[in-house]
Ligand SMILES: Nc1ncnc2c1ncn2[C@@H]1O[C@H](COP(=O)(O)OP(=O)(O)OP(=O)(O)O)[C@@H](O)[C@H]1O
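Taking the form predicted on its own, here's one chain by itself in structure tokens.
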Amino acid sequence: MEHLLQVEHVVRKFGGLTAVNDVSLHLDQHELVALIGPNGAGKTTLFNLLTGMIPVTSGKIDLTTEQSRYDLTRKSPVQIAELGLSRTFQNIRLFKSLTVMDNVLAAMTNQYKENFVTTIMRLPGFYRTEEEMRVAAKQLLDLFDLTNYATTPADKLPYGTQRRLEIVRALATHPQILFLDEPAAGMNPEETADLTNLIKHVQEEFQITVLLIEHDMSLVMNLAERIYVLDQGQILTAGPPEEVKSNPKVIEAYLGEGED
């Protein structure tokens, strides 16, 4: 059986620095996988490669769906998003001056498209499409308890709510694969517990594949079915959580040595 996403021998160099070095991994339908590693291991760089934010130096990235197989290696972020790969960012990148509703609507433009004449002339089709988008956006806001914030500018939201909105905005693109880059960064324990439940809910409710970068090991161990460990740009090991957690190389490189 072919994997949903297949990454083969991917390399990314910045001048003389090799940030990602011969990385191969795969993602299957409807699974939740974590990517962990120490700071500077190349995790976010790998996310940027998988989502087209930066080009690979060498290697290949393939997406295989029921309809077709796509080589993502040289595609733009827009093309990759249209094929169903969406992401959040380590540093929140909401449209801060736009409302919560408008942030979600902006993400839906890859699905709801009208031709130039219909849009410029404000023909009936334009208003039908706009109403369909608003109904779909409201359903997402309802599902994630954001309805009361619909008219609130994104930069006025509490930090944890901004994180939740960023996930909702990514889901608004109807992704097959959702990449979450340190979603718990800056959260307190209560917010992290809520986020853990939210990610579980997202993966189950939307039946999508999730790849998660996270330093909070309790969150990772509670969520992940498989874990890849990245160290100095290379895959150190991979496997189920219990196996990875007890791997001496992982303990030395990432979790730290000692009785704890």
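Residue positions are given as counts along the sequence shown, with the first one as 1. Please read these numbers as outputs of a predicted model, since none were measured by experiment.
Although not depicted, the form predicted together with this ligand is the subject of the following passage.
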| query | finding |
| --- | --- |
| Check all three, 51, 87 and 176, heavy atom within 4.5 Å of this ligand in the predicted complex | no |
| Candidate stretches 62-70, 32-40, 201-209, 221-229 - the one whose heavy atoms come within 4.5 Å of this ligand in the predicted complex | 32-40 |
| Position in contact with this ligand when the complex is considered in the predicted complex, options 250, 19, 10, 25, heavy atoms within 4.5 Å | 19 |
| Contacting member of 57, 234, 196, 45, with respect to this ligand in the predicted complex [4.5 Å, heavy atom] | 45 |
| Residue 166: touches this ligand in the predicted complex, heavy atom cutoff 4.5 angstroms | no |
| Contact set, 209-236 vs this ligand in the predicted complex - heavy atom within 4.5 angstroms | 215 |
